[in-house]
Structures are given as structure tokens and as C-alpha cells.
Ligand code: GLA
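Consider the single chain below, provided in C-alpha cells and representing the form predicted on its own.
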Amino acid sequence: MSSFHIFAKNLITMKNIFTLLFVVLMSIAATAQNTKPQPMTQEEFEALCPTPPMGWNSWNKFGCDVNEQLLMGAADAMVASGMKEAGYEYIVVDDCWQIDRDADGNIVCDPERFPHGMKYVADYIHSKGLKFGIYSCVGAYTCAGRPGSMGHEYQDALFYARTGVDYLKYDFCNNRGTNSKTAYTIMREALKEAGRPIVFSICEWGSTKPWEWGKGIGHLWRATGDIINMWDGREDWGGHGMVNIIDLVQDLYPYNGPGHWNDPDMLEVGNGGMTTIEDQSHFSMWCMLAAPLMAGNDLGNMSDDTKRILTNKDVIAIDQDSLGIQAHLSVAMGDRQIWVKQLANDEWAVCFFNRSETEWNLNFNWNDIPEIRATGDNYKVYDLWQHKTIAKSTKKNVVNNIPSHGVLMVKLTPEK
């Protein structure tokens, strides 16, 4: 073969190599372009949470004792227990999953508790048809002393997006006097820039009245200090019993609605600090308040009563009503209260709440509830815990014996 032919052959081979290299480089460039986050608009962000979020959070029961087996087991139990079918969807790990930052400032999860990394956990939870939530904090350190997000907001938001996070609980510890609205706005912008739909839970304990500024910044905001696992009481560090929480959010109903929810903190149902009757009242009132329903118990070890309470679809439907209206206290008779919540389709939810230490021998005229009297309508009365119609007309008094710390919770449907 002549030198010319050898040269020509090599030229053709080199051309093929350069062509192949060009195609590979263009493919890489196209892939990089396609995977670049597409920032969310403010309208897209605000539309992420039209009804109060429902799920489970690790903190109330397990505190810092979290690991990947716990979270994946909670996902399994949420499906097996019927909670997923009832509407629960988020598995949220609270504080203590993170342990450090690397040399580049990237957040590092605890390698002993999460040996496969957080994306492995997120992928497993997603495989169950559920969503994954995570925790961080405004400060440089979280409430448990782990790395917070101060100065790393955009870096952390990208980590959440790449991990597959669907929900962020963002605490307010060690904030160094930071303005709360500013701090939460920064993280909101970081989440939008990261491009993944992530529900944003503001957790600054109601200390700076987030109901006045939180709409459009977060999807829900803690309106109170932490709940404690008891009916009534308060701890020096700021914890509140269940009925104390209700008192704190009682007048906040004007600020509640689709995409912006008052959060009276997570549920203590099934954690043993209250009786079954009190747990049922706790769940009833959270649903009347259109509150986020974040279970806080051991999902893998639930009693039949706990499961019955948490999966009551009739009561959950009141919480998830499309109008998103928080109930208000309509009639107060000392420790005996009547709460009213307007629903879609001209329906109403009414909760007779007996906070007293004695049974309430109820014999009450429906027209003494101003909201019901004002409609002039007659209603069929459906008991949401007995799952049956208890009266076909509100022309007669409602008669019932409500135990101490118990409720009668009903739905009123206009009679045609």
C-alpha cells in the first residue's frame, strides 16, 4: 500500500474518531442542559399544598433515634395500616439525620445511621407511592446541635432536589437574631431555584406571628410552641398540652386557607400520654382546625384504637375539605364548647367538645348555633365517629351524652 493510501486511511479513521468525539460531547452538553434545574415560579410554588399535608414525622416518638430502617419501616407500616389509603403521604425525618459538612460545605448524613445515604431512603419511600420529607434549621446549628442551613441555603436546596425530597421542615433554633421573614424567604427562593416541588414548613413556633407574613413564603407555619404528650399543661421550656394548643390557635382562622395553613404541631395520637377518648378528641379538633395531619407515633406498633382514629376517613374528609376553612369557636359554655366549620357543598361540620371533668348530658337546640340558624336550612345529621346518621332533621334538639374530654363530631348536610 502506498504512503498516500496509508495517509488517506488514517485520515478517515481520525475523522471518524473526531466525529464520534463531537457526538459524545454534544450528548453530554445536551444532557447537562436537560438536567439543569428549571426554577419554579411563585405561582407554581404556592399551588403545591391545596389541602393540609398528611404524613408522619419521626420526632414526637423517636427524637434523635432515627435511622434508615426506621424510615423505611414507617413507609411500610403507612401502607399496610391503611394510612396511605386514608390520605397520608409524607414520611418525614426530623432532626439528627445530619452529622457534618464536607470540605466543600455539602451536608453529610450520619453514615452509621444512614449507611446507604438519604437518596436510598427517598427512593425506597417513593417506591411505596409515598413522599419523603427532611429537616433543617435557619441557624448554623439545629435544635439538636447538628449542622443547620445558615449560609448554605442554596447548596442545601440543591441537595434536597437531587435527593428526591418532597417536604422540608425548617426550624428556627440558633438563629443569631436573624429576621424570621427574611430567613424563610431566603430558603423559599433556594427551593424555587432548585426546581423540585417541595412543600415548605415554617417552624418558628409562632414567635414572630408567621400567620401575618408566611403566606407565599411557606405552605404551613407553626403557630405555637411544641406540643407535649398530655391533655392539659405547659412546660417551662415552652411545650403545651393539647387543649392549650387549641386555645393558642383559636382566633387564627382568618389566616388559614388553601396553600397556607396554621400548624398547631404534630399529632400525639397513639403515644400514650392521653386516653383513647382524649386521642379521639385531639384528632377531631385538628381536623376541625384544617390542620396538617402529621402523625407522630410508632406506626409499626399501633393499637387498634390508634389505627381506627388515624384512619377515620369521615373525619379526615373534614380536615381535607376543599374550602380549607379553619373552624371557629361558635358557642362557649365554660369547658363545654361548640366549634363550627363551613364545608363545601353547603355542608357544615360541628364539634361539641367537652373539656370538662364530667359527662355532658347534651340537649341542645340547633338554632342556638348562630351559623346554622342564619342559613335557615334544615340538615341531616351524620355522626363522624359512629359513621351513621343520628338525626334526619335539625328541627329537633340534638341529644347525646358526651364523656369527659370527649367529643360529638357531626356533619350537617342540607335536606333537599
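In this text, residue numbers run from 1 along the sequence as written. Bear in mind the structure is a predicted one, so any value in this text is a computation, not a measurement.
Here the subject shifts to the form predicted in complex with this ligand, a form of this protein not shown in this document.
| request: Using heavy atoms only and a 4.5 Å cut-off, determine which of Trp286, Trp261, Tyr88, Tyr135 is in contact with this ligand in the predicted complex. | output: Going through each option in turn, the one that passes is Tyr135.
| in the predicted complex, the residue from Asp247, Glu189, Asp335, Asp226 that sits within 4.5 Å of this ligand by heavy atoms | Partner contact (heavy atom, 4.5 Å) among the options: Asp226.
| task | Flag Trp59 as yes or no: does it have a non-hydrogen atom within 4.5 angstroms of any non-hydrogen atom of this ligand in the predicted complex? | result | Taking the distances in the predicted complex, the answer for Trp59 is yes, it comes within 4.5 Å of this ligand.
| in the predicted complex, does Ala75 have a heavy atom within 4.5 Å of this ligand? | Close contact is absent here: in the predicted complex, Ala75 is far from this ligand, nothing within 4.5 Å, heavy atoms only.
| query | Heavy atoms within 4.5 Å of this ligand in the predicted complex: does Arg222 have any? | reply | Arg222 belongs to the contact set for this ligand.
| query | Counting only non-hydrogen atoms and a 4.5 angstroms cut-off, does Trp205 reach this ligand in the predicted complex? | reply | Contact with this ligand, yes.
| said: Given a 4.5 Å cut-off on heavy atoms, tell me which of 206-214, 136-144, 322-330, 336-344 is the interface stretch with this ligand in the predicted complex. | reply: The contacting stretch is 136-144.
| Though the partner is not shown here, which residues of 92-130 have a heavy atom within 4.5 Å of this ligand in the predicted complex? | Those in contact are Asp94, Asp95.
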